[in-house]
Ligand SMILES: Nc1ncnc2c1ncn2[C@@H]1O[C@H](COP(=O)(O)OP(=O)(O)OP(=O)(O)O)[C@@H](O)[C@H]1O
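First, one chain by itself in structure tokens, the form predicted on its own.
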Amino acid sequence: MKIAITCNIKAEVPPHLEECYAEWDDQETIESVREALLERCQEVFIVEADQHAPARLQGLMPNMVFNMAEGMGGDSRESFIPAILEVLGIPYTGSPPLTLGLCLNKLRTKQILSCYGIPTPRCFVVESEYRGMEGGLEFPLIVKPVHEGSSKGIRDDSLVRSEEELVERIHRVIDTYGQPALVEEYLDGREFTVAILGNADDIRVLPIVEIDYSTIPEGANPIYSYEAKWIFDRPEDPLDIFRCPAPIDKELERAVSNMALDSFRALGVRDWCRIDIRCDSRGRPHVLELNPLPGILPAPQCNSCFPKAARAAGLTFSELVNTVVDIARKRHGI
């Protein structure tokens, strides 16, 4: 069997450009995925998800693609490779172009969740100029870019407590990222992330991960900001920020798991996904967002939630990667 890995490789860049490439995978991760696939496949090729990818894929015509490509630029960047693969008729892991586009756009995700009656924090979007509070929201609030991942644009000071702070953060998002700002109500309860493997009736929720904000530096806001994910937390000095399995009672565990599954199905996700969920002050869970292209840093000292949940479920990194391939093969009937 011949497999290609489609990905964007994170090279060393100056510190001021690190955020631009936060979603991309480093060489160690890509090589670990390649080694895992080689345990079961005769040939594994790495295809950079750039303008040359369509011709390269057409020339290789692999039996399967393990898609990790995040893309660069625009709110459809994650849909580029799956769309090309569908044109070429090449089977691939993960979600289709439409789902990837919808999940990257936080507003569209929330609108679909709301249509299915799945709780999500209330919000409004500012396209260019703030014209006043909408939707009955009250401070504190969080300001985010509407279509970014990996905590890009969510800084420690994105949690705002006054209109002056709100206006400044809105304009910072619009000016810096060239996209609308999502203003979302802040939920001050516990936060979880849920890893899911499978499709239809053959689906599995891995042990739930809780984010423990008591471990972040004193004075930092209790949100999974860019600083918390990429600055406070480093492989050489990791934060003890995750609890897996999460120490929660059966009732909350069932509610969080069912909400994650409902969200997975509502957005048309396939094969695997990580869903972020946060509770309000009364302990009621709400979906923050879905990540159908979850990060999978292989080293245990790296705080990568999907591999952490997989290890808690008894899966090695190699078993996780090959399980995703097996799930996709079953879906494709190969």
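Note that residue numbering follows the sequence shown and begins at 1. Given the structure is predicted, the values throughout are model-derived calculations rather than measurements.
One more form of this protein should be noted, the form predicted together with the named molecule, which is absent from this view; the next part is about it.
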query	finding
Which of 91 to 99, 180 to 188, 160 to 168, 252 to 260 sits within 4.5 Å of the named molecule in the predicted complex, heavy atom basis	180 to 188
Candidate spot L197, R270 and L297, all three touching the named molecule in the predicted complex (heavy atom, 4.5 Å)	no
Contact residue in the predicted complex, chosen from Y213, F139, F124, F232 - any heavy atom within 4.5 Å of the named molecule	Y213
Partner proximity in the predicted complex: E227 to the named molecule, non-hydrogen atom cutoff 4.5 Å	no
Close approach of S150 to the named molecule in the predicted complex, 4.5 Å, heavy atom	yes
4.5 Å heavy atom contact, I118 and the named molecule in the predicted complex	no
4.5 angstroms heavy atom contact with the named molecule in the predicted complex for V205	no
Contacts with the named molecule in the predicted complex - residues in 266 to 280 whose heavy atoms fall within 4.5 Å	R274, D276, R278
